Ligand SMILES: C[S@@+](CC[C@H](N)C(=O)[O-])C[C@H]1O[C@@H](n2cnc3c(N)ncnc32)[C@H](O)[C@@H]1O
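Only one chain is included here, represented as structure tokens and corresponding to the form predicted on its own.
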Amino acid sequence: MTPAEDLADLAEHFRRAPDTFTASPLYQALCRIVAGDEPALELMRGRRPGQQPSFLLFGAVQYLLLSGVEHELREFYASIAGTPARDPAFVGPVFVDFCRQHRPQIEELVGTRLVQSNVARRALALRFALAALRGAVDGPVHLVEVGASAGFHLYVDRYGYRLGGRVFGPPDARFTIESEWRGDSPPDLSSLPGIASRTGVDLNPIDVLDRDQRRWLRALVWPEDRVAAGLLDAALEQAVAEPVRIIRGDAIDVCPELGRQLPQDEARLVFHAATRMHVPAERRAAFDRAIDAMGDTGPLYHVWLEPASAPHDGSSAQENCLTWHVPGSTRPINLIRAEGHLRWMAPLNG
């Protein structure tokens, strides 16, 4: 791809991106600004393959602001200035000036950092999948998350949950994840199979004791979402209190060997959320095959919540659906409707 073609693709990405940031008026405004500003688009030229440009650029900018960089742009970020922050309608010239002044730092972050899991609410999607296994498996399940980041989803049974007036999880949970239920009667998520082991796989695992790495995850949370930021902080504290195994490496290389290491014929549930979307398009088929290979030595339940087309035969997949395939089949089956950040869940026919 030529530089001109790359810039054209980036401009088109940012033109479409406002539909992604439905809960962030600031990022919606910034998408429109970046789409028409060639110097801002050029900041993304050094990104690593597969990284979503808007998530990465906005994360880099917010990271610098959270690090204490002084600039008028701080006044537009609720994460820094508090509520209410300045009207995003006036952010354009201020953002462009910030990018001009801090171009080397932004380019360094864009070229070295990854968009990583930072949404603690997605543990609710994993809990739903585990609850769906009741009666389907004998004995405990080996839990694997691809794109695990700091690994906090792997503590799915340690958190409290509130969904449609129903409460689940241990009474002494460190915090509670809440989500809106858009239906009549919410599902019963109280009973889960046991968890035999917890393993994460990530290109760049987050060291939860490293303040800089924790700040990067915080920078990936949209500025207006103070609740998500609080949940992230609490989930990171859980990860500090109870370290979990995270394997550094590419899932394409790691997953087949990890599957062979798990006990023969014991069930394994592999979960990923907003992870496959960051895999370069030409490597997605290999990504799918690597996870499938984990079913060679035991029953595989592959669960995902992805905004892009689903793995394998995507004909049954829908946007805003938690989807899986079960042992002996790679046909996707939608489990439940769920907003990408788990702000709401709903029955499939809702």
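Keep in mind the model is a prediction, meaning the values are calculated, not measured. In case it trips you up, residue 1 is the first one in the sequence shown, and so on.
Only in words, not in the display: the form predicted together with the ligand, which the text now covers.
- For the options Ala251, Leu124, Val141, Val221, the residue carrying a heavy atom within 4.5 angstroms of the ligand in the predicted complex is Ala251.
- Between the ligand and the residues Leu203, Ala132, Ala173, Val91, the one pair within 4.5 Å by heavy atoms in the predicted complex involves Leu203.
- Only one listed stretch (164-172, 231-239, 183-191, 146-154) carries heavy atoms within 4.5 Å of the ligand in the predicted complex, and that stretch is 146-154.
- Residue contact check for His278: one or more of its heavy atoms lie within 4.5 Å of the ligand in the predicted complex.
- Interface membership of Ile177, defined by any non-hydrogen atom within 4.5 Å of the ligand in the predicted complex, is ruled out.
- Not displayed here, the ligand is kept clear of Leu109 by more than 4.5 Å at the level of heavy atoms in the predicted complex.
- The closest heavy atom approach of Ala85 to the ligand in the predicted complex falls outside 4.5 Å.
- Shown here without the ligand, the chain has Leu114, Val115, Gln116, Ser117, Asn118, Val119, Arg122 in 106-125 lying with a heavy atom within 4.5 Å of that partner in the predicted complex.
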